[in-house]
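As a starting point, one isolated chain is supplied in structure tokens, in the form predicted alone.
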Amino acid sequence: MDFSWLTDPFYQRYLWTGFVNTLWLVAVSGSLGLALAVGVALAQIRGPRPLALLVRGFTTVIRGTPLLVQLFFFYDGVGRLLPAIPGVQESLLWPLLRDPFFYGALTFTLSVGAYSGEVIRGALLSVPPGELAAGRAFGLSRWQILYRLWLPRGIQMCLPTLTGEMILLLKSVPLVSTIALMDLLKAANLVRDETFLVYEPLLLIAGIYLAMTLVLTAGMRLVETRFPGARPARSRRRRLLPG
């Protein structure tokens, strides 16, 4: 195994840029995607029928088509049509609209919103009606029941599944190597092309992704234990013990 190329600042710059872009894609897409997922879930449960049908069609299309196809659609399709629209290139949004990071983040945000939206929808429907009735009995308004009781309880129930969705998002990021955006996989491929080393760059980024997955999993487990209403694991174990 030859890892001497890691001391070359030229390759270090490749890897660092790819690592930073990967982290930003996960952070931006994960945050915006989860916010969109809450809206998707609530629109299907409590929204007017036309909106519910529209959102259901959105989730069906996003979940029924390959993520790579969606990425090509936005980057190669929408991204190349926008310059033909008069005034777009002169607008303040053009620096954003011509950046491949925008299309990668947009694609992953919609994907997280569709998949996690269905997860949150199922969790909200699983909240016992008695808990919501108790909130109404205490005089809480519909808005207070939503953001203080129903939504936190539903998210608490599906946090382990959302952890899996975030891990899937992290593992989907290498798809952006197919467009003009530097990520860890594209950096590894550039190193392979220039050094003719096959395994070493791939083993390196595999180790980086494994480390990021462990950190992400640990972070989400911490969120689970600190989430409002969650009981500490030790307390639960003590309750199960006799006496």
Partner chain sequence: MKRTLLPALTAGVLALTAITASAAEPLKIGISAEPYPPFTYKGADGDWTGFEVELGLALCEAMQADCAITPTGWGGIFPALDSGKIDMIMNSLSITDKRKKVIDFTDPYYYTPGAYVAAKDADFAIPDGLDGKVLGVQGATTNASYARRALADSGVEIKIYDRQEQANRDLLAGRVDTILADKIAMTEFVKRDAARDYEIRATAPRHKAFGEGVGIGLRQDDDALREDLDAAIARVIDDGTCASLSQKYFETDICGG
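Numbering follows the first chain given and starts at 1. What you are looking at is a predicted structure, and each value in this text was computed from that prediction instead of being measured.
There is another form of this protein, the form predicted in complex with its partner chain, and it is not shown here; the text below is about that form.
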query: Position in contact with its partner chain when the complex is considered in the predicted complex, options G164, G122, P100, G135, heavy atoms within 4.5 Å; finding: P100
query: All of Y11, G79 and E194 within 4.5 Å of its partner chain in the predicted complex, heavy atom check; finding: yes
query: Contact flag, V69 vs its partner chain in the predicted complex, heavy atom cut 4.5 Å; finding: no
query: is_contact(Y75, its partner chain) in the predicted complex, heavy atom dist at most 4.5 Å; finding: yes
query: Proximity of P83 to its partner chain in the predicted complex, heavy atoms at 4.5 Å; finding: yes
query: Any non-hydrogen atom of S177 within 4.5 angstroms of its partner chain in the predicted complex; finding: yes
query: Stretch from 22-30, 183-191, 46-54, 213-221 whose residues place a heavy atom within 4.5 Å of its partner chain in the predicted complex; finding: 183-191
